[in-house]
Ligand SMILES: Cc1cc2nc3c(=O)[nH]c(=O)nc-3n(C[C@H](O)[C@H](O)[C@H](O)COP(=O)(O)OP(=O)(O)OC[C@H]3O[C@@H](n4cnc5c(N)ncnc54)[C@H](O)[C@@H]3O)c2cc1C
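Starting off, we have a lone chain in the form predicted alone, written out as structure tokens.
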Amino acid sequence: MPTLNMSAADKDFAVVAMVPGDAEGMTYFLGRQSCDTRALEGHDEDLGNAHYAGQEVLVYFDNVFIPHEHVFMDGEYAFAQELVARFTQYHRASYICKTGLGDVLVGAAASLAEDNGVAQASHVKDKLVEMVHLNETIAACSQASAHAAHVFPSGTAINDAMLANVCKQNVTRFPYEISRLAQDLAGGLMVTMPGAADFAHEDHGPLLKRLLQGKVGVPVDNRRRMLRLVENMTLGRNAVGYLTESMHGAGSPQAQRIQIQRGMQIENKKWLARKLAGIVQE
């Protein structure tokens, strides 16, 4: 898609289209991530998320054929900015998806506090409340953007631009604070804990399990897996999808701020303030 306003000189680059993921001429370069070789070590305890993983790629297009019916813009440069803006309205509001990950992280932090026997401490409860507050604020903006949608004569509903951009701006910040609080509640063992091979060792394993026992009755293996999950989401492979994507997906933070500035109707707000202050306005 175009990434900036275009003029007639940019007509050849005002192109938007879709292609199948396996189209001829496309080359995928696999991204590398923190801890990504753990999947090859044969111990699912160290994966963090024992069932699912994400992967990022750089895609190179080399003379890829695109059928005309899959082309949405072909040289209509005057509409480039508006098309991108409308697309990002949908995309930025869709970042409510990060609240699902946030729910998992809240659950992991709460479970670790319980496993460590400190779930009833007031500061622990307060941190969990703050995590939920931030997560639900993201969800609220996304839902409000959909609720305030405008339906065009064609029947297409376009969600509210301001609320969509506010939603994504919050996503560039709140997951990082949620992650910080999760790491706070998890403790330093999250990154200093020995690997699964050490726990499986005939001599070292029983010693490690004795030393790392938390609350009586809670298996050490449960605690290990939950610590790996928090590590996975805030530092490891899935931090790409939860944190970095929250920052730069659907446009980096400044992109939302530009759209917020365009739509914030500052002159109208100044008029309201002057009216209440009793200032004569022409």
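All residue numbers are counted from 1 along the displayed sequence. These numbers come from a predicted model, not from an experiment.
The following text describes the form predicted together with the named molecule, which does not appear among the structures shown.
- Considering the named molecule in the predicted complex, the lone stretch of 219-227, 236-244, 45-53, 63-71 in range is 236-244 [heavy atom distance within 4.5 Å].
- At the 4.5 Å threshold, heavy atoms of Ser34 stay clear of the named molecule in the predicted complex, well away from it.
- None of the heavy atoms of Gly214 is located within 4.5 Å of the named molecule in the predicted complex.
- Using a 4.5 angstroms limit between non-hydrogen atoms, Gln254 touches the named molecule in the predicted complex.
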